[in-house]
Ligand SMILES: Nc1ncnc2c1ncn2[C@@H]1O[C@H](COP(=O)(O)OP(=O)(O)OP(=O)(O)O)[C@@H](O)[C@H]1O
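One chain comes next, on its own, written as structure tokens: the form predicted on its own.
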Amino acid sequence: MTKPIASADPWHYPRPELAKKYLEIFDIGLTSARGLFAKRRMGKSEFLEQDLIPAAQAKGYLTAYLNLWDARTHPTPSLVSALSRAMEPKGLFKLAKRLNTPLKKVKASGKVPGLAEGSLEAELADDPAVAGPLLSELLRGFDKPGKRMLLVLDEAQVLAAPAHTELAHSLRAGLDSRKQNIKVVFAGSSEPTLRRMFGRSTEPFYNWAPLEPFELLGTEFVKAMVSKVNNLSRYPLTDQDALAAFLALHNTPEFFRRYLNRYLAYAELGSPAALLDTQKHVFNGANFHDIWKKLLPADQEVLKLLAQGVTDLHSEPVRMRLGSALGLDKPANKNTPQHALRRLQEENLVAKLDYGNYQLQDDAFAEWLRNLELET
């Protein structure tokens, strides 16, 4: 059995065998990239940062991690920054000097090799023409034999956006000739978008990485968390109650942790009380109100229909219902749901599973919408 690498998070559930499996696939040499998908809050990012990356570092890899969702406005400078942190200290300054690139805001930092925290992204976002050459030059730094890097791109579906096509092409070109030295994990929460990225011939990363579902946490995870709880509480939590709560929370690790936190704070009230409080918070989150208020009325109505399980948004009865909700005295035209779906996909709220088949990306948001309907 592979020994788990220590994590700073006492509630982290280590998955050393899964990390070992992914790295062994790269060691075999038949592929240099993997694509992983799972809905949000399922433990994917935690695994990448706390299991896979430390395991790769233990095997001698340099590692670079970037959550593209956090960098979706200016992904290129953020990627340059992530790669530079994987290089030797002051490597970026030498690179900028060689390219005659003024980085006036960047100052030496011991904590972050070669750049001041946050300043590189700001500087390159102001001058995007500089970021491309820096990216190419950084990738060329891995042409030396024996130099290996694991690049982890979380929420990688951002690269499929039309606005980032140039970056995707540039990154593909830079990685193509360095498959022996640079291994890549593309992880994301939108399976349909990732399938399009790797399965459509017009996309820059067509056929570049096999795509598979991320292995989700289950019974063993729940039992391990129960054991931790029972080491801290005078009121033992049973596996049966915890597993029932996990199921009620849609098998979502993030929500389950909230349930455990509530249980530890009020253990004398029992598991049902902790579960009820958790459901009230995670399925009625204030952040959903902020998302909701920014949407157009047509987008709001389409989301409510999807949450209720409506599939054919273009049928006349559904368009009549949509038209009525929008204050019309006739059915909404067919372009109304079509345009709404396009906007909702761009906001990563809705995923297209197949032709005419859409679903909400976030189960908690779907539950919130169903409760909203009951309240009105």
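In case it trips you up, residue 1 is the first one in the sequence shown, and so on. From a predicted model like this one, the values you see are computed outputs, not experimental measurements.
As for the form predicted together with this ligand, it is not shown, yet the points below apply to it.
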>> Can you work out which of D143, D239, E254, E166 has a heavy atom no more than 4.5 Å from this ligand in the predicted complex?
In response: E254
> Which residue among L83, L217, L153, L150 has a heavy atom within 4.5 angstroms of this ligand in the predicted complex?
Replying inline: L217
>> Check Q345 for me: does it contact this ligand in the predicted complex (non-hydrogen atoms, 4.5 angstroms)?
In response: no
> Counting only non-hydrogen atoms and a 4.5 angstroms cut-off, does H12 reach this ligand in the predicted complex?
Replying inline: yes
>> Can you tell me whether K59 touches this ligand? I mean in the predicted complex, with a 4.5 angstroms heavy atom cut-off.
In response: no
> Might H339 be said to contact this ligand in the predicted complex, defining contact as any heavy atom within 4.5 Å?
Replying inline: no
> Looking at 322 to 330, 308 to 316, 44 to 52, 26 to 34, which lies within 4.5 angstroms of this ligand in the predicted complex, counting heavy atoms?
Replying inline: 44 to 52
> Do heavy atoms from each of Y259, T278 and I291 fall within 4.5 Å of this ligand in the predicted complex?
Replying inline: no
> What residues, if any, in 211 to 231 have a non-hydrogen atom within 4.5 angstroms of this ligand in the predicted complex?
Replying inline: L217, F221, M225
